[in-house]
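Coming up are structure 1 and structure 2: the same protein chain in two forms, each one given alone as structure tokens.
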Structure 1
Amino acid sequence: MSKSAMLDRYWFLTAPEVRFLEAAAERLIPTDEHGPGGRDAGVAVYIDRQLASIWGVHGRNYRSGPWPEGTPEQGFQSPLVPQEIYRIGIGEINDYCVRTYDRPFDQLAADRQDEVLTALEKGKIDLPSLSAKLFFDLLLRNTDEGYFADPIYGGNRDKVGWKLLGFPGLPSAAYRGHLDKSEPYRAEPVSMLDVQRNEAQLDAEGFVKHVMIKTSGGK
């Protein structure tokens, strides 16, 4: 578990589940010369917060079946809720890794972890209780969300995802006037968490005030 994640309090995930998700998120979005990967961006924290919310039990979804195999256009098709998919899926994937490689997923070498994730994506691992592809698709979607969502939801720590894209976050009055221009809008990104913590200034209309990033040319 990364040092930064140790500072977070998890609401649903157990320690082995956090270790699995940190390792998986780091392989799906690896740390490279462009910035931190999924582990240090707090993807596991984001997933934990979502699982602890009403979404984790699909509290607003129809839950009475039937449950035939659906098409991609039909959306989510499973009697299991996200909490169950993660808890059961991580446990069964770790069991598979221990049987096959003598250690759980988070203790495998990076290339071996890639092999397992690829096999899950292609449905080539038979999990006893759920579809491997169902698990992988949910994991990939939530990893992307955790890396790029507003930090108020637990992920995108230090706004690393937004900085990678050059996304300014919450709009300012100046940003609204810039949308029709062709040149980049370079500003330090501002999140809802910044506003909540009073770390961002607001103008009289309630829009955030962006701090512009100076380029090498001084503009």
Structure 2
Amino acid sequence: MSKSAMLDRYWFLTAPEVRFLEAAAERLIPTDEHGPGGRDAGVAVYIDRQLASIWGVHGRNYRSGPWPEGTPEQGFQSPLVPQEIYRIGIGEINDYCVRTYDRPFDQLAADRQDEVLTALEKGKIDLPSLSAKLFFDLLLRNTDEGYFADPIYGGNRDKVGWKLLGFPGLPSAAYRGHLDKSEPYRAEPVSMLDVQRNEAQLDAEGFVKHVMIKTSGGK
């Protein structure tokens, strides 16, 4: 996996933002013996594409004021939309890192990055324009989506998220017969991106045909 996400053309994010997100995604989902992490999975590309969609401006959310902060039980009440949360949040976190450690987040050592992320998660860093926890929770949610959503959205490259779980992606017509069977159903995952690239076989009904994995081992 190879190709750095930096080579992609980004729709919304700037280069420093991409560096931040690749570094953060790699700490949230690190590369290890179970497979690639958030960086190589393309989480930054995923977040970029989402930010450029109507979700990036909360197009289907209620957006009228007044905007009191509310209680945690009342949910999202920030006047900022995701595009602003990422743009402002990354900028202010990098400012914090430069102020505190002399360099932006992506240039810190992994342990230090973990410390910063933990402090954001716990709301221990005071950002000027938004809640650190709000930023972190959104970043974690989007990183998770970017790692496990269909690769057609830019993340989950080579279906690494699905391979990690043993999730076969698009369902096959064989599921119905297998419903009450206890033997593990192990298949090479198939994505919408595979279908679009003509790299998957479909049956007459539109279900994908799975290629079964022979080995009984696994993760």
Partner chain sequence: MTTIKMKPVDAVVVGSGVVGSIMSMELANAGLQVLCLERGRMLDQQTDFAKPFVYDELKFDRHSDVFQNLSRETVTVRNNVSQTALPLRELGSFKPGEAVGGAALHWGGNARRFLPHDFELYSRTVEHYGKSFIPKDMTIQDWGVTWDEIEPYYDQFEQIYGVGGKAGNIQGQIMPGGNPYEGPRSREYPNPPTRATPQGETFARAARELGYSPFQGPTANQTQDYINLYKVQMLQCQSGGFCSSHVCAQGAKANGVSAIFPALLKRENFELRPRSNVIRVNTDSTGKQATGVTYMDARGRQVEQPASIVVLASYCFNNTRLLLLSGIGTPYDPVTGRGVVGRNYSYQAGGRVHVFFDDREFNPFIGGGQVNTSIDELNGDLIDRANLGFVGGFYVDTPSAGALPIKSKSVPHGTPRWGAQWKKAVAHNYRRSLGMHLHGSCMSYRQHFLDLDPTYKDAHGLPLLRMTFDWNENERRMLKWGYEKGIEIAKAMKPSSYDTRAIPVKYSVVPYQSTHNIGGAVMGADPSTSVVNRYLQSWDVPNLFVVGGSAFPQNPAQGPTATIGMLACWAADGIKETYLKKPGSMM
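Residue positions are counted from 1 along structure 1's sequence. Here the rigid core means the biggest group of C-alpha atoms that line up within 1.5 Å when the two forms are laid on top of each other. Because the structure is predicted, anything quoted here is derived from the model rather than measured.
Each of the two structures shows the same chain on its own, and it is structure 2 that derives from the form predicted together with the partner chain. Core-aligned CA deviation for Gly166 between the two structures: less than 2 Å. Once the rigid core is overlaid between the two structures, Asp32 does not reach a Cα shift of 2 Å, moving by less than that. Core-superposed comparison between the two structures: Pro68 shows a Cα shift of 2.6 Å.
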